[in-house]
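Below you will find one chain, with nothing else, as structure tokens; this is the form predicted on its own, and questions on how it binds or moves follow later.
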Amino acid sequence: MKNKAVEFKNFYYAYNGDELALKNINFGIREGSFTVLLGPSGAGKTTLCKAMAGIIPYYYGGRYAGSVEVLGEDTKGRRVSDIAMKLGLMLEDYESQLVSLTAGEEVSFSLLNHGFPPEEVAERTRKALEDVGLPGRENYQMDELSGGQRQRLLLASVLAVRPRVIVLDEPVSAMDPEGAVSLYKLLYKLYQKYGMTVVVVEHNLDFVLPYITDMIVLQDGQIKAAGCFEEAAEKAYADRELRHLLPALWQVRLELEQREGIRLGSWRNIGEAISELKEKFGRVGL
């Protein structure tokens, strides 16, 4: 069994003056997985991401119990900047994370803060921009980059440190469908290239269906399902309040399995679905 990239043990958290946002969280994210966090609005997904990065509770304060481990090390007592060397975080409001005037300065900012020598900073900056499809943009001002390019720039600044885990909170929420598909294709390419663990909060699983290995489903600050995608999807489908969050293709698949008393394949695109339905039933449109 693979090691855990991130592990929560009996973790509870409440923002100052609020009720519990996370309740008795116990799960581990497999190292090397492409894990999706799923749940309705207010379920605690963003809070969970911030806890992985050590921002919660050590920056926000609040009440907490239990522990969070990143690559086997407890985040308690660790500086957020030290955790960032192992786990990179991209929040949904990515613009608020951009702090520099040019693309090159943005990528090099965290590297310099971590004490990398200038020649290595320059090389890592060049490589990170190349990886996200922004080669040679070091001297571009922020207003010369589109929204999608600025999002890729933030991804480059996270990748430049070369963390083993990367966490993204709704990275395509401000993109059109074409941009969303493009970003996830890029992310999956980098995931394969560097062997990272990827954790993504996403409300539209149709965009990430081809890539998911594992899924964690949250509701009201609690884990409702966790494990490989197929098993977690079946548990989510069994809950009428959660099934609509699943990819449309999988809602059809699980309904057919339930109605026809059969087992179908792990569909990752509509082509696979059509092919299997034709093979089993001789037609599509059941």
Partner chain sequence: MRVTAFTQLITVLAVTALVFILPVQLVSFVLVVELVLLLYIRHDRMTMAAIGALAVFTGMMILLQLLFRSPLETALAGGLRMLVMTMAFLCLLAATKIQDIAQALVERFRLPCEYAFMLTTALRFVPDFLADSAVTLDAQSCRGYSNRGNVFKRMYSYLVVIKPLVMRAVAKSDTLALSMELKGFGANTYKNMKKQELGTGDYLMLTIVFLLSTYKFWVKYI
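Numbering follows the first chain given and starts at 1. This structure is a prediction, so every number in the text was calculated from the model and none was measured.
From this point on, the text means the form predicted together with the partner chain, which you will not see here.
Not displayed here, the partner chain is approached by residue 93 to within 4.5 Å at the level of heavy atoms in the model of the complex.
Using a 4.5 Å cutoff between non-hydrogen atoms, residue 213 does not count as a contact of the partner chain in the model of the complex. Within this chain, residue 218 is remote from the site of the partner chain in the model of the complex, having no heavy atom within 4.5 Å. Residue contact with the partner chain in the model of the complex: residue 182 places no heavy atom within 4.5 Å of it. Each of 53, 112 and 115 is positioned with at least one heavy atom within 4.5 Å of the partner chain in the model of the complex. The partner is absent here; in the model of the complex, the one residue of 134, 190, 71, 84 having a heavy atom within 4.5 Å of the partner chain is 84. Proximity to the partner chain in the model of the complex, defined as a heavy atom within 4.5 Å, holds among 129, 159, 198, 89 only for 89.
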